[in-house]
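Okay, so here's just one chain, in structure tokens, the form predicted alone.
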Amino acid sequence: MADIVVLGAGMVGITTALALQERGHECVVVDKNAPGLETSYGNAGLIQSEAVEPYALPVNPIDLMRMAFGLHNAVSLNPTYVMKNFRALLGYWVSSQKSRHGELSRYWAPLVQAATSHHGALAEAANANSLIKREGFWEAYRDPRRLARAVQDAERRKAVYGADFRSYDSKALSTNEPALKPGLAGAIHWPDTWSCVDPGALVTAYARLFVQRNGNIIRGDATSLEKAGDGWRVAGVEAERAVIALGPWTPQLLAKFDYAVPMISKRGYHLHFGGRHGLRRPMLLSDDSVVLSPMSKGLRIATAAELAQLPSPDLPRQLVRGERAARALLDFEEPVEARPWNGIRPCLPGMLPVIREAPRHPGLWIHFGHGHQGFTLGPVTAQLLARAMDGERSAVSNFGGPKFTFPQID
């Protein structure tokens, strides 16, 4: 019998297994797919040290209406989804209010600020430094007024959190990114954010490190988890304790044990394009809410969020708009894949991840709900979970506990 079985082989699950392994626990990871093939594969590849505050909804009703009618590319809404998930969306909107958002950010910011050091240690141990670039990324704007407001907000983040940045006008940006066509008013450079040229390969490298350290990864149905005496059984594996780190599939499994989790499903798309695009660093086109990331497979164009009841047809409208915006700035070739990839980001109304033991099931632990930042935060929150499972419950007292109305496990 293993000490702990971890369900999920994405960034959060694999780094959870590594953190527990470092503390002397014999761990087994169970997933139906190989490591790094789901949500951890399909992201912009950023380890975002500048993202010191959780993503918030607009609090202005007019801005919300513009978003609802698809007048901004940041969010694509499905009316049926909104009606079925109104409570969770309302909770997220409440968390976006200034005072509440500020309180949540006090817990969020230290996690994000620790991410690069945690990833750096793992990448070194996993011989994966070649996958990581440490040159920052661009937050670019066409509209000079929006750029000016963004610089003011960057100055606030630097004053409050110490997030370093430098602003560039259009001429200076062109000097640093000569492949860009005219059209941008300028950009903010966040130098301390890292990027990854193949997110799935980085998760695979971390998984390989786990196996090299005598860990075991088994292909199997993680949703078959069941109680077995004083322990747990899943996919033929028995363990004293279990950790659910299945990302957006976590609420489905928890429902089997009569827990209700109000998760918001944000679907994101990406597509790789061939050719010599010439972009040196990843770039967020803020006016279009799309990220352009130089990857080993080509230029990855990644979208923001689509809120839709799942399963539902793929509607990559945001990706179409993003490609159009990208082609106005860069020359690149046609897609290298037959169709866009899409995956779900598990967002909770309270914005903070759930890191805790299930209230009515001793030995069953929950680690999910990182929203847009699972790739960034997995190694950091994995350490908190491992400490808590070894008895240091104060390490996770602010994540999924009674302090916040959301996130909650009912």
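Note that this is a predicted model, so its numbers are computed, not measured. Don't overthink the numbering: it's just position in the shown sequence, from 1.
Not pictured, yet referred to below: the form predicted in complex with a small molecule.
Quick one: in the predicted bound form, does every one of G91, R100 and P349 get a heavy atom within 4.5 Å of the small molecule?
None of them does, since no heavy atom lies within 4.5 Å of the partner.
Can you pick out, from V354, A382, V28, L46, the residue that has a heavy atom within 4.5 Å of the small molecule in the predicted bound form?
The residue in contact is L46.
Between E155, D143, E238, D221, only one gets a heavy atom within 4.5 angstroms of the small molecule in the predicted bound form; which residue is that?
Among E155, D143, E238, D221, a heavy atom within 4.5 Å of the small molecule in the predicted bound form occurs only for D221.
Any chance W249 has a heavy atom within 4.5 Å of the small molecule in the predicted bound form?
Yes, W249 lies within 4.5 Å of the small molecule in the predicted bound form.
Is there a heavy atom of G374 lying 4.5 Å or less from a heavy atom of the small molecule in the predicted bound form?
Yes, contact at 4.5 Å.
Is Y55 one of the residues lying within 4.5 Å of the small molecule in the predicted bound form, judged by heavy atom distances?
Contact with the small molecule, no.
Does the small molecule get within 4.5 angstroms of any non-hydrogen atom of Q318 in the predicted bound form?
Output for Q318 is no: heavy atoms all beyond 4.5 Å of the small molecule.
Counting only non-hydrogen atoms, which stretch in 238-246, 175-183, 92-100, 155-163 is within 4.5 Å of the small molecule in the predicted bound form?
That would be 238-246.
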